[in-house]
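Just one chain follows, in the form predicted alone, and it is written as structure tokens.
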């Protein structure tokens, strides 16, 4: 029987995988602890570990897992920047869920944009107190604006399709442009510099790589329009937080919607309300009136969770039965 150790398990994870495991009958143990070099020895005797976005599988951790006998790292997410693939030990493989629901993430990006633009949260808090004034709630029409989309994979394309429905012009950048899709959907590929210069709204939909870490920084922000709105539902380290806060304070960035943060591991997906532990940059952002932050919940829909559960279990079954898997991280 295949033995699997789950790290960073939430209650909804356990319910989801227990339901699916009725068909697979793996031996599963669930831990609340995140994977790192201190918790990796707990995997001794397990065939696989299952991890999420804030677990850290760096070289030291991977070596410990190898010594423990772990043969497979199962990512219950699409991104794999938290796994040091270059230093993956011989005989160990990594699988992921590449397409759980592009609609979930793209729709959440739109929700963040509308919340920032139309001051939804501020209005909600005000009306709860029976204050029905409109002072400070002025927004702008999205119709007619230029949207810059960085990353045109499945999520990026869904977001573009929604934005086209708003009546916008879409400029896009991708390392691997899909010109057929651009022609069919009516958007235009351009350089990053032109996208920064012409976009009223910029939304990030790309994986994190060594090349694009901190791509939104003081230099790229200088090229943007005054009052630009930035949305990030991808990875926090795409944006330099210090430069972001500086630009928000000066009014260069007019609005910000984040579902990720560059130092989110200790905070997002956890209840920190009774803790004195705080992150300075995150605390500053949370005080700003033109910033909306959610806790890495863009993926969190019923459809997406079902896909994550089913594909993750299929990945494990396929690997241990055949030694192969279509969802290997190369």
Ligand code: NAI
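Numbering follows the first chain given and starts at 1. Please read these numbers as outputs of a predicted model, since none were measured by experiment.
One more form of this protein should be noted, the form predicted together with the ligand, which is absent from this view; the next part is about it.
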| query | finding |
| --- | --- |
| Contact check for 155, 206 and 259 against the ligand in the model of the complex, heavy atom at 4.5 Å | yes |
| Contact assignment for the ligand in the model of the complex, among 291, 51, 64, 298, heavy atom within 4.5 Å | 298 |
| Residue among 147, 229, 105, 73 with a heavy atom within 4.5 Å of the ligand in the model of the complex | 105 |
| Residue stretch of 280-288, 64-72, 43-51, 298-306 approaching the ligand in the model of the complex, non-hydrogen atom distance within 4.5 Å | 298-306 |
| 4.5 angstroms heavy atom contact with the ligand in the model of the complex for residue 242 | no |
| Contact label in the model of the complex: residue 82 to the ligand, heavy atom within 4.5 Å | no |
| Any non-hydrogen atom of residue 175 within 4.5 angstroms of the ligand in the model of the complex | yes |
| Close approach of residue 168 to the ligand in the model of the complex, 4.5 Å, heavy atom | no |
| Neighbours of the ligand in the model of the complex among 225-239 [non-hydrogen atom within 4.5 angstroms] | 233, 234, 235 |
